[in-house]
Ligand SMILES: Cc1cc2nc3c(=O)[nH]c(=O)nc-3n(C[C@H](O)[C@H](O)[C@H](O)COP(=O)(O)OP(=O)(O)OC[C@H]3O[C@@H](n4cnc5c(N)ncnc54)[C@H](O)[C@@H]3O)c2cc1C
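Below you will find one chain, with nothing else, as structure tokens; this is the form predicted on its own, and questions on how it binds or moves follow later.
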Amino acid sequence: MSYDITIIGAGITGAGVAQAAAAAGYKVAVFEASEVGGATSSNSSKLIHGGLRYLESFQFSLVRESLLEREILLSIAPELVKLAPLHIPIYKNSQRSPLTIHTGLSLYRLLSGWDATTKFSRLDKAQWPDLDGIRTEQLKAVYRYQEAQTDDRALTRAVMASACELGAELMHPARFNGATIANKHVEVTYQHGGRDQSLSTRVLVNCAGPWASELNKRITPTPELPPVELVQGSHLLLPPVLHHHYYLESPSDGRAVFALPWQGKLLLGTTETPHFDAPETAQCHPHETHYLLTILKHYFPHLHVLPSSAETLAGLRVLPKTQGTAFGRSRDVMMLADQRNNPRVLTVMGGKLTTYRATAWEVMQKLYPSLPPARRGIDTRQIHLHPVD
């Protein structure tokens, strides 16, 4: 079998690349070892958002791109991506003052091109009692603005289904065994349907998320990758104890934590815990549960939520290995090719759920020199996405 593009991994990035490649008319194969959208792509904060907190680390281009992508997804996937009002409470001892939040939300609006979905307001004190019994002692202000929520697994499956409708072939479950880079193609071996198989592809795209570095070692010659770290983000799924959506500041370290009603429950997260073991062993640790419930109790002291009532989710972010905490590190996607011109292997790591479509477009720009001319030019900004049964 011969393909133009073969993709390892059907998370949101792999699904997005498959859709973009198939939309351009290329022959595409996708390997997925477990389930579509079943790992990191189903353990996120379920938000399609601009990344308000990324303004603090001056990631303005990422915020602008995210806001533009959010606008696109609201248009092409209205059944899967819906706006929700978030509330930001600010206290006397909060690290971020009302002026800081107001300035950040104003910049958010500016970067969006003054899109109507980025309008925000400061709530009157008379409205505070309606906010789920939030602690009002030393409360100085509450801001309300909008972000979009989704079902991350369902969105990933919708994108993958769109790719398949456009001609991509999903091999599932399929295990990538290895690859050998030749002059004008890559020979790939894999296991599918209970037997070892092989194919030839012009380009191999490694979208295996936290497994990407390990799978890269199975490629000959082995492309060089920079050192990365796996950072675990855990969430709790709790009884529906809140009616409104909140963007909270952790009183212990100033991190952003979301408390979001989602599918009849309360989604609370996320954490940032270094993960040193195999990616498949990721799980929420007791100290993460304690950290998140302590934050919830700080803002809503009347709540009595037991750890035993919590379901847990744990996903892994792939971040560049640097000093300091994960909170302020770049969330830009990392794209590493085996060679600058005419790449045969491209590894894609990091990135955001929100910007999967833009990431896929960028991947295709890097791959075009290694491919024949595109056979068609369907714009993924115009392809509507629908839930998959």
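In this text the structure is predicted, and so the values were computed from the model without any measurement. Don't overthink the numbering: it's just position in the shown sequence, from 1.
There is also a form predicted together with the ligand; it is not shown, and the following applies to it.
Undergrad: Within 4.5 Å of the ligand in the model of the complex, heavy atoms considered, which of G104, G233, P223, P89?
TA: Spelling it out, the residue with a heavy atom inside the cut-off is G233.
Undergrad: Which pick from V63, A29, A39, A358 sits with a heavy atom within 4.5 Å of the ligand in the model of the complex?
TA: So the residue touching the ligand in the model of the complex, by this definition, is A39.
Undergrad: Pick from 89 to 97, 132 to 140, 209 to 217, 194 to 202: which stretch has non-hydrogen atoms within 4.5 Å of the ligand in the model of the complex?
TA: Within 4.5 Å of the partner lies stretch 209 to 217.
Undergrad: Whether S45 contacts the ligand in the model of the complex should be assessed with a 4.5 Å heavy atom distance threshold; does it?
TA: Taking the distances in the model of the complex, the answer for S45 is yes, it comes within 4.5 Å of the ligand.
Undergrad: In the model of the complex, does K297 have a heavy atom within 4.5 Å of the ligand?
TA: Outside the cut-off, so no.
Undergrad: Find out whether any non-hydrogen atom of A10 is located within 4.5 angstroms of the ligand in the model of the complex, and reply yes or no.
TA: Because a heavy atom of A10 falls inside 4.5 Å of the ligand in the model of the complex, the answer is yes.
Undergrad: May I ask you to state whether H49 is within 4.5 Å of the ligand in the model of the complex, using heavy atom distances?
TA: Although the ligand is absent here, H49 would touch it in the model of the complex, with heavy atoms inside 4.5 Å.
Undergrad: Within 4.5 Å of the ligand in the model of the complex, counting any non-hydrogen atom, which residues from 172 to 192 show up?
TA: Counting only heavy atoms within 4.5 Å of the ligand in the model of the complex, the contacting residues of 172 to 192 are A174, R175, F176.
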